[in-house]
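Quick heads-up: it's one chain on its own, the form predicted on its own, in structure tokens.
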């Protein structure tokens, strides 16, 4: 298959960045892959697995000659990386395409995109919904993006190539504004993480041996609570404006259940559970395999 890019640079080879390197290598999307990490040893690990040709702890070396650059660090690190890329812009390939895989797009649109725009570089945001509760390159998989939804924020000049990139990795594409993205992921990603953490605390705080009798339902419900606390603190606070309403909705729903239980209201409780079952079953019965926007 003909590569989309001659030299792809991935900055941040953790779970997403490392998996991206593996997926790009497996799919033949780039002739050469370079990775940057804060520690040389972390970059070397990607090369050792055969998923990158060059590993470095110098941004300028990683992006030298790159015609595609992917920021795969926590979003709080991205503004500084953007400035360092701009400082090396004379070393970039003509028409270089720059994207990210951050979980919060409002922050990226306000703090990262303008850095590239001011330098005349083409940036468009991306967010593949393909994380896991495990973190780090050790957990990276070259099939992580297969079948995953990927949200791309509009940038007309970059969109065709960006769509082709993610689609060839096996993603289903959706186009949203940064605000639409943040509102959507606040409900489908960030709220579930908070809920899973709250359930884990409610069950296990002062355990008294309860974990020993927990079944698969508890494990499934709380799996994502094992995510990296530092990373998730940043995500939740960066998306706090969009997260407030979903949190209020969850609190209201839990309040309803508390009321139904305290009043032994069989009808209302049954309706609550039936509505949840119906909505979930309908939503998951026929996964949307199309690309949108």
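Numbering follows the first chain given and starts at 1. If you're wondering where the values come from, they're calculated on a predicted model, not measured in any experiment.
What comes next is about the form predicted in complex with a further copy of the same chain, which is not displayed.
For the options 146, 139, 204, 86, the one in contact with a further copy of the same chain in the predicted complex, meaning a heavy atom within 4.5 Å, is 204.
Residue heavy atoms within 4.5 Å of a further copy of the same chain in the predicted complex occur in exactly one stretch of 206 to 214, 77 to 85, 91 to 99, 110 to 118, and that stretch is 206 to 214. Taking non-hydrogen atoms only, residue 251 approaches a further copy of the same chain to within 4.5 angstroms in the predicted complex. When a further copy of the same chain is considered in the predicted complex, residue 151 lines it closely, a heavy atom lying within 4.5 Å. By the criterion of a heavy atom within 4.5 Å, residue 124 is excluded from the residues contacting a further copy of the same chain in the predicted complex.
Interface residue remark: residue 172 is counted as part of the site for a further copy of the same chain in the predicted complex, having a heavy atom within 4.5 Å. Along 229 to 248, residues 229, 230, 232, 233, 236, 237, 240, 243, 244, 247, 248 each place a heavy atom within 4.5 Å of a further copy of the same chain in the predicted complex.
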